[in-house]
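One chain comes next, on its own, written as C-alpha coordinates: the form predicted on its own.
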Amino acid sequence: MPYSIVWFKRDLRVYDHAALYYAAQRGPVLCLYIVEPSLWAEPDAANQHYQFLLESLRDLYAELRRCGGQLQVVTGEIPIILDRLFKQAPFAALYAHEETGNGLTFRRDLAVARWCREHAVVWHEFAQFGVVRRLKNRNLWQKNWEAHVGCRCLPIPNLQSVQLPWHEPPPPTAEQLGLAQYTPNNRQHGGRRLGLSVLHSFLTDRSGQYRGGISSPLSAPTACSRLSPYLAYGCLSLREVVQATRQQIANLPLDGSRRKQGLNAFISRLYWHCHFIQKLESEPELEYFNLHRGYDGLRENDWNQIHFEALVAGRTGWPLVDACVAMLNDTGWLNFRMRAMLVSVAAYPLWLHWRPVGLWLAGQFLDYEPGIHWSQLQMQAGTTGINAARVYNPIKQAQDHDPQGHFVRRWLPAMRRVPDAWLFEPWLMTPDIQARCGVQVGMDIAEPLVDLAIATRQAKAKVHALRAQPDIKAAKATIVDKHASRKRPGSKRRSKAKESGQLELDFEF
(Lines give C-alpha, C1' and ligand atoms only; values in the text may rest on other atoms or scores of the structure.)
Protein backbone atom coordinates (compact mmCIF):
# COMPACT_ATOMS: atom_id res chain seq x y z
CA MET A 1 0.00 0.00 0.00
CA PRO A 2 1.43 3.45 -0.87
CA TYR A 3 2.71 5.40 2.10
CA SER A 4 3.86 8.95 2.85
CA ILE A 5 6.88 10.32 4.64
CA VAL A 6 6.46 12.99 7.31
CA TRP A 7 9.80 14.78 7.53
CA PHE A 8 10.20 16.37 10.96
CA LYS A 9 12.51 19.36 11.12
CA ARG A 10 12.05 22.16 13.67
CA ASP A 11 8.49 21.03 14.42
CA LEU A 12 9.03 18.40 17.11
CA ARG A 13 5.48 17.70 18.29
CA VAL A 14 2.36 15.81 17.19
CA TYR A 15 -0.32 18.33 18.26
CA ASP A 16 -1.24 21.01 15.71
CA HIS A 17 1.18 19.42 13.25
CA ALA A 18 -0.28 19.99 9.79
CA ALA A 19 2.17 17.74 7.95
CA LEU A 20 1.49 14.80 10.27
CA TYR A 21 -2.27 15.38 10.38
CA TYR A 22 -2.81 15.54 6.62
CA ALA A 23 -0.38 12.73 5.84
CA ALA A 24 -2.34 10.51 8.25
CA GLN A 25 -5.53 11.23 6.30
CA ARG A 26 -3.89 9.78 3.22
CA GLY A 27 -2.81 6.45 4.75
CA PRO A 28 0.31 4.84 6.31
CA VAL A 29 3.06 7.20 7.46
CA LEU A 30 6.80 6.90 8.00
CA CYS A 31 7.77 9.49 10.62
CA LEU A 32 11.31 10.57 9.82
CA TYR A 33 13.87 12.84 11.45
CA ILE A 34 17.21 13.17 9.66
CA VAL A 35 20.37 14.20 11.52
CA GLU A 36 22.26 16.08 8.80
CA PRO A 37 26.03 16.17 9.40
CA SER A 38 26.40 19.13 7.03
CA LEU A 39 23.92 21.16 9.08
CA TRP A 40 25.76 20.49 12.33
CA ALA A 41 29.06 21.43 10.68
CA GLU A 42 27.74 24.95 10.02
CA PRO A 43 29.35 27.73 12.12
CA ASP A 44 26.02 28.66 13.75
CA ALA A 45 25.52 25.16 15.23
CA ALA A 46 26.41 24.33 18.83
CA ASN A 47 26.38 21.33 21.15
CA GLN A 48 23.64 22.89 23.29
CA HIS A 49 21.38 23.01 20.21
CA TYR A 50 22.04 19.34 19.54
CA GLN A 51 21.40 18.28 23.13
CA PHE A 52 18.12 20.25 23.18
CA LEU A 53 17.19 18.54 19.91
CA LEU A 54 17.90 15.05 21.26
CA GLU A 55 15.82 15.77 24.38
CA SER A 56 12.97 16.96 22.17
CA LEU A 57 13.23 13.88 19.93
CA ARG A 58 12.82 11.63 22.99
CA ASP A 59 9.55 13.37 23.83
CA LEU A 60 8.45 13.19 20.20
CA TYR A 61 9.23 9.46 20.10
CA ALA A 62 6.97 8.86 23.12
CA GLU A 63 4.19 11.03 21.70
CA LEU A 64 4.20 9.20 18.38
CA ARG A 65 4.07 5.82 20.12
CA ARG A 66 0.93 6.90 21.94
CA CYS A 67 -0.88 7.65 18.67
CA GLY A 68 0.29 4.56 16.80
CA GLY A 69 3.39 5.96 15.10
CA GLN A 70 7.11 5.42 15.49
CA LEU A 71 9.85 7.97 15.04
CA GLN A 72 12.68 6.86 12.75
CA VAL A 73 15.91 8.83 13.27
CA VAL A 74 18.36 8.53 10.40
CA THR A 75 21.77 10.12 9.92
CA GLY A 76 22.84 11.40 6.52
CA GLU A 77 22.20 13.99 3.85
CA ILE A 78 18.58 14.20 2.82
CA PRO A 79 18.68 13.58 -0.97
CA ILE A 80 20.80 10.48 -0.33
CA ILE A 81 18.39 9.23 2.35
CA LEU A 82 15.39 9.85 0.10
CA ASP A 83 17.10 7.98 -2.76
CA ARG A 84 17.80 5.00 -0.54
CA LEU A 85 14.25 4.92 0.79
CA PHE A 86 12.69 5.31 -2.63
CA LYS A 87 14.72 2.43 -4.07
CA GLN A 88 13.96 0.05 -1.20
CA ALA A 89 10.39 1.12 -0.37
CA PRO A 90 8.93 3.64 -2.85
CA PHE A 91 6.69 6.29 -1.31
CA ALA A 92 4.07 8.52 -2.88
CA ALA A 93 4.36 11.81 -1.04
CA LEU A 94 6.54 13.84 1.29
CA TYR A 95 4.97 16.02 4.00
CA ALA A 96 6.80 18.72 5.97
CA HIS A 97 6.53 22.17 7.46
CA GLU A 98 8.15 25.13 5.76
CA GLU A 99 11.37 26.24 7.41
CA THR A 100 13.05 29.62 7.37
CA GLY A 101 16.47 28.48 8.50
CA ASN A 102 20.05 29.30 7.63
CA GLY A 103 21.58 29.31 4.17
CA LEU A 104 22.29 25.60 4.22
CA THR A 105 18.68 24.63 4.97
CA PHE A 106 17.55 26.97 2.19
CA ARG A 107 19.84 25.24 -0.33
CA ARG A 108 18.91 21.82 1.06
CA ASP A 109 15.19 22.50 0.61
CA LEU A 110 15.81 23.53 -3.00
CA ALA A 111 17.65 20.22 -3.51
CA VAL A 112 14.76 18.28 -1.95
CA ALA A 113 12.30 20.07 -4.24
CA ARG A 114 14.39 19.07 -7.27
CA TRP A 115 14.57 15.46 -6.05
CA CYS A 116 10.80 15.32 -5.64
CA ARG A 117 10.21 16.68 -9.14
CA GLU A 118 12.65 14.20 -10.67
CA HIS A 119 10.99 11.26 -8.89
CA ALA A 120 7.36 12.42 -9.32
CA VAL A 121 6.92 12.60 -5.55
CA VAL A 122 4.49 15.27 -4.36
CA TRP A 123 5.95 17.47 -1.62
CA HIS A 124 3.27 19.00 0.61
CA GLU A 125 4.57 21.91 2.71
CA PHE A 126 2.64 23.74 5.44
CA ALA A 127 3.25 27.04 7.21
CA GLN A 128 4.97 26.65 10.57
CA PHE A 129 4.63 30.30 11.60
CA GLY A 130 2.75 33.31 10.28
CA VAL A 131 5.35 33.61 7.51
CA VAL A 132 4.35 33.84 3.85
CA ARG A 133 6.31 32.24 1.03
CA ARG A 134 6.97 34.36 -2.06
CA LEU A 135 5.60 37.49 -0.40
CA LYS A 136 5.77 40.56 -2.67
CA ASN A 137 5.10 43.25 -0.07
CA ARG A 138 3.81 43.68 3.47
CA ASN A 139 0.42 45.22 2.68
CA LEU A 140 -1.65 42.18 3.72
CA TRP A 141 0.87 40.58 6.03
CA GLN A 142 -0.97 41.39 9.26
CA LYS A 143 -4.17 39.87 7.87
CA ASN A 144 -2.30 36.71 6.87
CA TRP A 145 -0.74 36.43 10.34
CA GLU A 146 -4.13 36.70 12.03
CA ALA A 147 -5.56 34.10 9.67
CA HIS A 148 -2.74 31.69 10.51
CA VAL A 149 -2.94 32.01 14.29
CA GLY A 150 -6.75 32.07 14.20
CA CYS A 151 -7.21 28.67 12.52
CA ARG A 152 -8.17 25.79 14.78
CA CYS A 153 -5.32 23.75 16.19
CA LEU A 154 -5.19 20.37 14.48
CA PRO A 155 -5.79 17.35 16.72
CA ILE A 156 -3.35 14.48 17.20
CA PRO A 157 -4.09 11.93 14.47
CA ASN A 158 -4.26 8.15 14.75
CA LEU A 159 -1.39 6.74 12.72
CA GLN A 160 -0.66 3.65 10.67
CA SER A 161 3.05 3.32 11.15
CA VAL A 162 5.66 2.37 8.53
CA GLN A 163 9.10 1.09 9.51
CA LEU A 164 12.44 1.84 7.93
CA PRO A 165 13.49 -0.88 5.47
CA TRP A 166 16.92 -1.11 7.13
CA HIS A 167 18.43 -1.12 10.60
CA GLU A 168 19.65 2.34 11.60
CA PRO A 169 22.27 2.82 14.35
CA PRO A 170 21.63 5.36 17.15
CA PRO A 171 22.08 9.06 16.40
CA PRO A 172 25.68 10.28 16.41
CA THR A 173 27.20 11.89 19.46
CA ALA A 174 28.11 15.56 19.50
CA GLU A 175 31.75 14.53 19.26
CA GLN A 176 31.05 12.45 16.16
CA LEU A 177 29.41 15.49 14.57
CA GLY A 178 32.44 17.60 15.37
CA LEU A 179 30.63 19.79 17.90
CA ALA A 180 32.55 21.24 20.81
CA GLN A 181 31.73 19.37 24.00
CA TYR A 182 30.90 22.49 26.01
CA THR A 183 27.26 23.15 26.78
CA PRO A 184 25.90 25.68 29.33
CA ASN A 185 25.47 24.10 32.76
CA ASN A 186 22.10 25.72 33.40
CA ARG A 187 20.47 25.83 29.99
CA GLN A 188 16.82 24.97 29.47
CA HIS A 189 16.07 21.38 28.46
CA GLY A 190 14.09 20.28 25.44
CA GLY A 191 10.83 18.47 24.87
CA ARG A 192 7.15 19.24 24.65
CA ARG A 193 6.39 18.29 28.24
CA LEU A 194 8.76 20.92 29.58
CA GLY A 195 7.52 23.42 27.00
CA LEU A 196 3.92 22.97 28.17
CA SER A 197 5.01 23.36 31.78
CA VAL A 198 6.82 26.62 30.98
CA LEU A 199 3.77 27.88 29.06
CA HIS A 200 1.44 27.04 31.95
CA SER A 201 3.60 28.78 34.54
CA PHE A 202 3.81 31.89 32.37
CA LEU A 203 0.11 32.12 31.57
CA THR A 204 -1.09 31.46 35.11
CA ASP A 205 1.54 33.27 37.15
CA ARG A 206 4.70 34.81 35.72
CA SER A 207 2.93 36.95 33.08
CA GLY A 208 2.10 39.42 35.86
CA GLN A 209 5.79 40.43 35.84
CA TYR A 210 6.03 40.73 32.05
CA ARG A 211 5.39 44.45 31.66
CA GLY A 212 8.21 46.23 33.41
CA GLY A 213 10.06 43.04 34.28
CA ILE A 214 11.56 41.88 31.00
CA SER A 215 14.15 44.65 30.57
CA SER A 216 16.29 44.12 33.66
CA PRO A 217 18.59 41.09 33.64
CA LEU A 218 17.63 40.65 37.30
CA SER A 219 13.89 40.13 36.78
CA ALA A 220 13.84 38.94 33.16
CA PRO A 221 14.67 35.26 33.81
CA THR A 222 11.24 34.80 35.40
CA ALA A 223 9.33 37.74 33.88
CA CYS A 224 9.99 36.63 30.28
CA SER A 225 7.95 33.71 29.04
CA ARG A 226 11.09 31.58 28.40
CA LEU A 227 9.20 29.88 25.56
CA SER A 228 11.60 30.90 22.79
CA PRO A 229 13.55 27.59 22.50
CA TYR A 230 10.32 25.58 22.48
CA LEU A 231 9.00 27.73 19.65
CA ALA A 232 12.32 27.61 17.80
CA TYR A 233 12.33 23.80 17.79
CA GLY A 234 8.58 23.46 17.35
CA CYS A 235 7.92 21.63 20.62
CA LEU A 236 4.99 24.05 20.82
CA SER A 237 3.21 25.55 17.83
CA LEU A 238 2.95 29.31 17.52
CA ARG A 239 -0.78 28.97 16.97
CA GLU A 240 -1.40 27.01 20.17
CA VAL A 241 0.62 29.53 22.18
CA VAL A 242 -1.30 32.49 20.72
CA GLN A 243 -4.65 30.80 21.26
CA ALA A 244 -3.82 29.68 24.80
CA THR A 245 -2.70 33.22 25.62
CA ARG A 246 -5.86 34.77 24.19
CA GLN A 247 -7.99 32.28 26.09
CA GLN A 248 -6.19 33.17 29.30
CA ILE A 249 -6.79 36.87 28.62
CA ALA A 250 -10.50 36.17 28.08
CA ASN A 251 -10.68 34.32 31.40
CA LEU A 252 -9.21 37.19 33.41
CA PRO A 253 -11.41 39.90 34.96
CA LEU A 254 -11.85 43.17 33.09
CA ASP A 255 -9.90 45.21 35.60
CA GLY A 256 -6.72 45.95 33.68
CA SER A 257 -4.76 43.51 35.81
CA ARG A 258 -1.00 43.26 35.38
CA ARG A 259 -1.37 39.71 34.11
CA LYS A 260 -3.78 40.81 31.40
CA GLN A 261 -1.49 43.67 30.41
CA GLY A 262 1.46 41.32 30.34
CA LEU A 263 -0.34 38.76 28.21
CA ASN A 264 -1.49 41.40 25.72
CA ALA A 265 2.10 42.63 25.44
CA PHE A 266 3.25 39.05 24.93
CA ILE A 267 0.82 38.60 22.02
CA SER A 268 2.39 41.61 20.31
CA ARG A 269 5.83 40.02 20.71
CA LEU A 270 4.59 36.84 19.04
CA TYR A 271 3.49 39.00 16.12
CA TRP A 272 6.94 40.58 15.92
CA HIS A 273 8.49 37.10 16.13
CA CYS A 274 6.99 36.26 12.73
CA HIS A 275 7.57 39.77 11.37
CA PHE A 276 11.32 39.34 11.70
CA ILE A 277 11.41 35.77 10.42
CA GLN A 278 9.56 37.04 7.34
CA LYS A 279 12.51 39.33 6.60
CA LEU A 280 14.85 36.35 6.21
CA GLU A 281 12.21 34.39 4.29
CA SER A 282 11.88 37.26 1.82
CA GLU A 283 15.61 38.10 1.72
CA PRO A 284 17.72 34.97 2.48
CA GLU A 285 20.94 36.87 1.77
CA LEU A 286 20.51 39.08 4.84
CA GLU A 287 22.19 36.28 6.82
CA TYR A 288 25.40 37.11 4.93
CA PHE A 289 25.12 40.62 3.51
CA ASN A 290 23.85 44.01 4.61
CA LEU A 291 20.12 44.35 3.98
CA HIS A 292 20.87 47.77 2.49
CA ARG A 293 23.80 47.08 0.20
CA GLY A 294 24.80 50.71 0.31
CA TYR A 295 26.31 49.94 3.73
CA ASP A 296 28.72 47.38 2.28
CA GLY A 297 32.25 48.17 3.42
CA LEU A 298 31.13 50.17 6.45
CA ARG A 299 32.82 47.86 8.97
CA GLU A 300 34.04 44.85 6.99
CA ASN A 301 37.51 46.22 6.30
CA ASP A 302 38.15 47.44 9.86
CA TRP A 303 37.97 44.09 11.67
CA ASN A 304 39.70 44.16 15.08
CA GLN A 305 40.43 40.63 16.30
CA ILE A 306 41.58 41.89 19.73
CA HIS A 307 38.22 43.59 20.30
CA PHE A 308 36.35 40.47 19.20
CA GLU A 309 38.35 38.11 21.41
CA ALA A 310 37.83 40.40 24.40
CA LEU A 311 34.08 40.46 23.78
CA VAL A 312 33.88 36.66 23.53
CA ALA A 313 35.97 36.27 26.68
CA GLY A 314 33.84 38.75 28.63
CA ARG A 315 36.82 41.10 29.02
CA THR A 316 35.56 44.33 27.45
CA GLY A 317 35.99 46.20 30.74
CA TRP A 318 32.35 47.30 30.93
CA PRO A 319 30.95 45.27 33.84
CA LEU A 320 27.39 44.83 32.56
CA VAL A 321 28.62 43.63 29.16
CA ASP A 322 31.05 41.14 30.69
CA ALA A 323 28.43 39.91 33.17
CA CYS A 324 26.03 39.26 30.28
CA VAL A 325 28.66 37.14 28.53
CA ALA A 326 29.19 35.18 31.75
CA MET A 327 25.45 34.56 32.06
CA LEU A 328 25.26 33.41 28.44
CA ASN A 329 28.08 30.95 29.02
CA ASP A 330 26.21 29.45 31.97
CA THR A 331 22.58 29.52 30.78
CA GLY A 332 22.48 29.91 26.98
CA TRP A 333 19.95 32.71 27.47
CA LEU A 334 19.82 36.45 27.93
CA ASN A 335 16.90 38.87 27.80
CA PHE A 336 16.44 40.96 24.68
CA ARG A 337 17.60 44.31 26.03
CA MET A 338 20.89 42.81 27.13
CA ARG A 339 21.24 41.01 23.77
CA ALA A 340 20.69 44.31 22.01
CA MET A 341 23.24 45.97 24.26
CA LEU A 342 25.85 43.30 23.45
CA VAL A 343 25.37 43.80 19.71
CA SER A 344 25.32 47.58 20.06
CA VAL A 345 28.60 47.58 22.00
CA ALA A 346 30.12 45.27 19.40
CA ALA A 347 28.88 47.37 16.47
CA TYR A 348 29.61 50.88 17.75
CA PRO A 349 32.39 51.43 20.31
CA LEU A 350 34.15 48.16 19.31
CA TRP A 351 33.30 48.74 15.61
CA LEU A 352 32.91 45.04 14.79
CA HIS A 353 31.07 43.76 11.72
CA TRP A 354 27.81 42.04 12.66
CA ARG A 355 28.40 38.75 10.79
CA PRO A 356 31.21 37.23 12.93
CA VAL A 357 29.55 38.59 16.09
CA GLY A 358 26.30 36.99 14.95
CA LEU A 359 27.92 33.60 14.39
CA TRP A 360 29.36 33.67 17.90
CA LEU A 361 26.02 34.64 19.42
CA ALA A 362 24.12 32.06 17.35
CA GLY A 363 26.06 29.36 19.17
CA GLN A 364 25.60 31.09 22.51
CA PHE A 365 21.81 31.44 22.23
CA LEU A 366 19.96 28.19 22.91
CA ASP A 367 16.88 29.72 21.27
CA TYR A 368 18.73 30.70 18.09
CA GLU A 369 16.10 31.38 15.43
CA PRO A 370 17.87 32.48 12.22
CA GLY A 371 15.16 34.85 11.00
CA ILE A 372 14.98 36.78 14.24
CA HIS A 373 18.69 36.54 14.91
CA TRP A 374 20.07 37.97 11.68
CA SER A 375 17.34 40.58 11.33
CA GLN A 376 18.08 41.82 14.84
CA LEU A 377 21.86 41.78 14.29
CA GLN A 378 21.48 44.07 11.30
CA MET A 379 18.92 46.29 12.96
CA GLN A 380 21.16 46.88 15.98
CA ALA A 381 24.21 47.39 13.74
CA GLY A 382 22.35 50.02 11.69
CA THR A 383 22.70 48.31 8.28
CA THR A 384 19.02 47.77 7.39
CA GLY A 385 18.66 51.26 5.96
CA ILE A 386 15.16 51.64 7.42
CA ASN A 387 15.69 51.55 11.19
CA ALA A 388 16.80 54.46 13.32
CA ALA A 389 20.20 53.88 14.90
CA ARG A 390 19.75 52.64 18.44
CA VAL A 391 22.94 52.71 20.46
CA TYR A 392 23.01 51.27 23.98
CA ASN A 393 25.38 52.82 26.51
CA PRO A 394 26.47 49.95 28.81
CA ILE A 395 27.11 52.31 31.71
CA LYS A 396 23.64 53.86 31.50
CA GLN A 397 22.05 50.43 31.03
CA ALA A 398 23.73 49.29 34.24
CA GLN A 399 22.54 52.39 36.09
CA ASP A 400 18.98 51.86 34.86
CA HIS A 401 18.65 48.08 35.18
CA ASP A 402 21.21 46.99 37.77
CA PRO A 403 21.60 50.06 40.01
CA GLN A 404 22.77 48.11 43.06
CA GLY A 405 25.05 45.87 41.02
CA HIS A 406 23.33 42.63 42.03
CA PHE A 407 23.52 41.19 38.50
CA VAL A 408 27.09 42.26 37.85
CA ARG A 409 28.30 40.98 41.22
CA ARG A 410 26.57 37.65 40.72
CA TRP A 411 28.33 36.94 37.44
CA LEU A 412 31.65 38.74 38.01
CA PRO A 413 33.00 37.66 41.43
CA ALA A 414 35.76 40.29 41.45
CA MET A 415 33.08 43.02 41.34
CA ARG A 416 31.88 41.90 44.78
CA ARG A 417 34.95 43.58 46.23
CA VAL A 418 34.46 46.85 44.35
CA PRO A 419 32.94 49.68 46.45
CA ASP A 420 29.52 50.95 45.38
CA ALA A 421 30.97 54.32 44.41
CA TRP A 422 32.95 52.65 41.60
CA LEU A 423 30.35 50.10 40.58
CA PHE A 424 29.68 51.46 37.09
CA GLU A 425 33.21 52.59 36.19
CA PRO A 426 35.61 50.48 38.27
CA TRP A 427 38.56 51.33 36.00
CA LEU A 428 38.52 54.84 37.48
CA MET A 429 39.56 53.55 40.91
CA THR A 430 42.94 54.90 41.96
CA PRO A 431 45.74 52.42 42.74
CA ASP A 432 45.31 52.90 46.49
CA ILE A 433 41.55 52.17 46.31
CA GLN A 434 42.28 49.07 44.23
CA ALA A 435 44.78 47.93 46.84
CA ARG A 436 42.35 48.48 49.72
CA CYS A 437 39.56 46.47 48.11
CA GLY A 438 41.86 43.79 46.70
CA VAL A 439 40.98 44.30 43.02
CA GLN A 440 43.51 45.05 40.32
CA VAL A 441 42.12 46.69 37.20
CA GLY A 442 43.60 45.05 34.14
CA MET A 443 43.91 41.74 35.96
CA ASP A 444 40.90 40.89 38.14
CA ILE A 445 38.72 43.30 36.18
CA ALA A 446 39.40 44.18 32.56
CA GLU A 447 40.15 47.74 31.58
CA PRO A 448 37.90 49.12 28.82
CA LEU A 449 39.26 48.51 25.35
CA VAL A 450 38.39 52.02 24.17
CA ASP A 451 37.11 55.29 25.54
CA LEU A 452 33.36 54.61 25.38
CA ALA A 453 32.20 58.17 24.68
CA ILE A 454 34.79 58.93 22.01
CA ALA A 455 34.54 55.57 20.21
CA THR A 456 30.74 55.66 20.19
CA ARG A 457 30.66 59.22 18.89
CA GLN A 458 33.08 58.37 16.08
CA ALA A 459 31.11 55.24 15.13
CA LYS A 460 27.78 57.06 15.04
CA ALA A 461 29.30 59.79 12.89
CA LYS A 462 30.41 57.20 10.30
CA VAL A 463 26.96 55.60 10.16
CA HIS A 464 25.11 58.91 10.01
CA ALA A 465 27.40 60.27 7.29
CA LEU A 466 26.67 57.25 5.14
CA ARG A 467 22.95 57.38 5.89
CA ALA A 468 22.81 61.02 4.73
CA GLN A 469 24.11 60.26 1.22
CA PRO A 470 21.45 60.74 -1.50
CA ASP A 471 21.92 57.30 -3.08
CA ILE A 472 21.58 55.62 0.32
CA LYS A 473 18.35 57.49 0.96
CA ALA A 474 17.03 56.66 -2.51
CA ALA A 475 17.39 52.90 -1.98
CA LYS A 476 15.39 52.99 1.23
CA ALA A 477 11.92 52.95 -0.40
CA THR A 478 12.38 49.49 -1.94
CA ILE A 479 13.44 48.03 1.41
CA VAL A 480 10.49 49.62 3.19
CA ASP A 481 8.05 48.15 0.66
CA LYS A 482 9.49 44.67 1.02
CA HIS A 483 10.34 44.47 4.70
CA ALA A 484 8.80 47.22 6.83
CA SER A 485 5.76 46.66 9.01
CA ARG A 486 2.39 48.25 8.19
CA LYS A 487 -0.07 49.97 10.46
CA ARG A 488 -1.96 47.26 12.32
CA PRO A 489 -5.79 47.36 12.16
CA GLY A 490 -7.31 49.27 15.04
CA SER A 491 -4.03 50.83 16.12
CA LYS A 492 -3.42 54.54 16.55
CA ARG A 493 -1.06 56.54 14.40
CA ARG A 494 2.39 55.07 14.74
CA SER A 495 5.74 56.79 15.00
CA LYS A 496 8.15 56.79 12.07
CA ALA A 497 10.37 54.34 13.94
CA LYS A 498 7.53 51.86 14.32
CA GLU A 499 6.38 52.32 10.73
CA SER A 500 9.85 51.23 9.60
CA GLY A 501 9.74 48.10 11.70
CA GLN A 502 11.63 49.42 14.74
CA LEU A 503 10.83 47.59 17.95
CA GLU A 504 10.32 48.92 21.40
CA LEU A 505 13.30 48.25 23.66
CA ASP A 506 11.45 45.65 25.70
CA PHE A 507 10.80 43.19 22.86
CA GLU A 508 11.17 39.70 24.31
CA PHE A 509 9.42 36.37 24.68
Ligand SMILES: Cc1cc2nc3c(=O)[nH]c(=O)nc-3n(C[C@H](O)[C@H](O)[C@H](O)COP(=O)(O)OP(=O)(O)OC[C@H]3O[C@@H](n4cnc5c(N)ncnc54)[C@H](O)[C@@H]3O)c2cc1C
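Just so we're clear, the structure is a prediction, and the values are computed from it rather than from any experiment. In case it trips you up, residue 1 is the first one in the sequence shown, and so on.
Below: the form predicted in complex with the ligand, not depicted.
Peer 1: Mark residue 269 yes when one of its heavy atoms lies within 4.5 Å of a heavy atom of the ligand in the predicted complex, and no otherwise.
Peer 2: Judged by the heavy-atom cut-off of 4.5 Å, residue 269 is in contact with the ligand in the predicted complex.
Peer 1: Answer for residue 365 alone: is it within 4.5 Å of the ligand in the predicted complex, judged on heavy atom distances?
Peer 2: Result yes; residue 365 sits at the interface with the ligand in the predicted complex.
Peer 1: Under a 4.5 Å heavy atom criterion, is residue 278 part of the interface with the ligand in the predicted complex?
Peer 2: Although the ligand is absent here, residue 278 would stay clear of it in the predicted complex, with no heavy atoms inside 4.5 Å.
Peer 1: When the contact criterion is heavy atoms within 4.5 Å, does residue 131 count as touching the ligand in the predicted complex?
Peer 2: Although the ligand is absent here, residue 131 would stay clear of it in the predicted complex, with no heavy atoms inside 4.5 Å.
Peer 1: Only one of 373-381, 293-301, 132-140, 318-326 has heavy atoms within 4.5 Å of the ligand in the predicted complex; I'd like to know which.
Peer 2: Going through the listed ranges, the match is 373-381.
Peer 1: Heavy atom within 4.5 Å of the ligand in the predicted complex: which of 422, 333, 411, 360?
Peer 2: None of the others qualify; the residue that does is 333.
Peer 1: Give me the residue from 260, 187, 226, 307 that has a heavy atom within 4.5 Å of the ligand in the predicted complex.
Peer 2: Here the answer is residue option 226.
Peer 1: Could you list the residues in 421-446 that come within 4.5 Å of the ligand in the predicted complex, counting only heavy atoms and keeping sequence order?
Peer 2: Nothing in this stretch is in contact.
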